[in-house]
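Shown below, as structure tokens, is a lone chain in the form predicted on its own; questions about how it binds or moves come after it.
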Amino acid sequence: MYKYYCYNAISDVGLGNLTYDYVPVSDAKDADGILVRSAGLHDMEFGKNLKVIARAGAGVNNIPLDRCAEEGIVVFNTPGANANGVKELVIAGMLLASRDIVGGINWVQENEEDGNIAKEAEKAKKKFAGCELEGKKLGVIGLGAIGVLVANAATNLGMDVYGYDPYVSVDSAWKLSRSVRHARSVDEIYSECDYITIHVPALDSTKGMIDANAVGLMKQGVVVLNFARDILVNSEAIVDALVSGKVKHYVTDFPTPEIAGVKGAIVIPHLGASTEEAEDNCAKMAVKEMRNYLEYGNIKNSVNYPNCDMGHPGENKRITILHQNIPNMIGQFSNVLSKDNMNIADMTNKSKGGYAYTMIDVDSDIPKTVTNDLLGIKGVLRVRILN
């Protein structure tokens, strides 16, 4: 029996994929697994039985990843589950920036009582004239799940699309339209494109990457879109660029005191993944990841431990070990098992940064002493026996 706790409202479509072996608890400290969306967990003291945190979404800045890794808690996210919802809003953002749709709608509302509104609209509409997206150059920085969808959709709109991602995955590369041009540097995106959209994770190397120097390389009247993370764009630099007119519009899904109300800023209240479909998809993926780990020990889409999958153990017994990535761990694990005359039927070991994960299938019963023996090895953080 597995116990789980939900922070925030998790879609019933996802929770419906839990079996009768899963029961909700009223206190997170009693849970084997936590499902979360945006709730902040940095100040939370985790229960000793907590094994997994599954974030129904892509960003994990609300979760203390290093502390979780050190406590043997695997953290998952759901990359790509909300990608289509974000993609559609990015396209909407480009349309809002190219055509003064909001200004036109506001004019109609302000003049709703004018009996002559149809005639007056013909005179007023020139104030809201814009340009078309077809034929314009779009630069997509970051070709992950969302970036690829945006790039492909933009090519279908007739845009000349440039893509930049030095770490693009093989899977993303296969999905990317052949019409997308390969930019050799981010500076090429800045200098060539009329629209620039950013889709990279918030890392030390990417925080504030759209700064005064980047803006200086851009075209006059460029449109910058940020539906990834607010901290990727330097607030002071983008406000200065809007005021000077260098950036015509800054379209962002992240309201902040610095940008809200600035002329030229089109600020959306974080609606990128706020669709029924996205919430359902994220919940289903998070539940699937949690179940696969708790029941079989398999890890997919973890952000603090390596991906590692040995499928179903079949008739074998499975031992899973979360540990620090230091030398001679496998040898020590083997010594413990050989001491009890256990035969290893299958084994895999993967590492990610300072942490590693080892899965061992044995074809015999596992003595109760094995868990303590493995935990006695320096650097071992958690041991689970899956029968």
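So that there is no doubt, residue numbering starts at 1 and follows the sequence shown. Here the structure is a predicted model, which is why all the values come from computation and not from measurement.
Although not depicted, the form predicted together with ligand MLT is the subject of the following passage.
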| query | finding |
| --- | --- |
| Proximity of Arg229 to ligand MLT in the model of the complex, heavy atoms at 4.5 Å | yes |
| Partner proximity in the model of the complex: Gly57 to ligand MLT, non-hydrogen atom cutoff 4.5 Å | yes |
| Distance check, Asn82 to ligand MLT in the model of the complex, heavy atom within 4.5 Å | yes |
| His270 within 4.5 Å of ligand MLT in the model of the complex, heavy atoms | yes |
| Partner-proximal stretch of 133 to 141, 173 to 181, 270 to 278, 108 to 116 relative to ligand MLT in the model of the complex, 4.5 angstroms, heavy atom | 270 to 278 |
